[in-house]
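This document opens with one chain alone, in structure tokens, the form predicted alone.
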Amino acid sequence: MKMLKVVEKRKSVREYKMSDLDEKTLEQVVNLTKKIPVIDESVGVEFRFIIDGSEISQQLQGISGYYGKMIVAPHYFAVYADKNIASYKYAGYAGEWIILNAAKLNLGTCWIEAGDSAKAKAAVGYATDKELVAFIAVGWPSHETNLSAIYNSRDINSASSLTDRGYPDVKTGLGAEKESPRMAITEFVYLKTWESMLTFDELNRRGLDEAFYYMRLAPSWGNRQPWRFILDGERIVLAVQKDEALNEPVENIDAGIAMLYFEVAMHDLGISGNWKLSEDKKDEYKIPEDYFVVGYYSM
């Protein structure tokens, strides 16, 4: 089953049935943490599964969530990371990997801000030197969203969300869905330097148009879509816009999520490569001061 099928329909769920997961599903979810791809052996990230979400959510009210309002779910992953930028990036990459794979089980998930890390750690009660950077809610959605339908209704190699953008017609049987406003591909992809925009035809000629289409679907804090890419030969550089309203962990979690989405798109479309975490060559690429270099995808 291709991960892009999940990417097409991935949505944050903020209302859950408060019934616990059955034993089989619970085991599958917890075991996801053992299968996360590693992009850098030096980064330190840890996921702790919280069984009693109802109790923990009460303890986290006023600390975590959206302006201190905690999303109530039957279970959570607490996401811990070493106190450095590379680990924050990997927390986003790995956490979103868990979210996409949980969606294959028809589970609902949602990123939740940790807020005050020290207070959140005290509420959870797990002793570690790592920083608590986020939570991921996990459970059955209160409104049914049977994601398995998107796999059963079409050919394994099709990409239905591309249909209205000139790609081969695919019958999904899912009906029309409202799509959040998203940037056009040509608004966030450059050639060699920041000053040189790419046309859609040029991206198509390079075989990268579909990969960047799926990149548009990556979630980000406030749907700010902060990512920009620079094509430089066999290297694709990722830069992310800073935001004074966000702390360093949240900014870099967004960066890690972007890394995963682009990698998923490239791999599922048959373009091999991997990420290198690097913050160099910002001046060479003429990247503006309000952006930071995340790393580059090496093909």
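From a predicted model like this one, the values you see are computed outputs, not experimental measurements. Residue numbers here begin at 1 and follow the sequence given.
Only in words, not in the display: the form predicted together with a small molecule, which the text now covers.
- Of the stretches 120-128, 191-199, 83-91, 216-224, only 216-224 has residues with a heavy atom within 4.5 Å of the small molecule in the predicted bound form.
- This chain lacks the partner; the member of 78, 107, 203, 71 within 4.5 angstroms of the small molecule in the predicted bound form by a non-hydrogen atom is 71.
- This chain lacks the partner; the member of 212, 229, 97, 111 within 4.5 angstroms of the small molecule in the predicted bound form by a non-hydrogen atom is 111.
- Proximity of residue 65 to the small molecule in the predicted bound form: non-hydrogen atoms within 4.5 Å are present.
- When contacts are judged by a 4.5 Å heavy atom cut-off, residue 253 counts as touching the small molecule in the predicted bound form.
- Although the partner is absent from this view, residue 19 stays clear of the small molecule in the predicted bound form, with no non-hydrogen atom inside 4.5 angstroms.
- The small molecule is not drawn, but in the predicted bound form it has no heavy atom within 4.5 Å of residue 43.
- In the predicted bound form, every residue of the candidate spot (11, 182 and 257) has a heavy atom lying within 4.5 Å of the small molecule.
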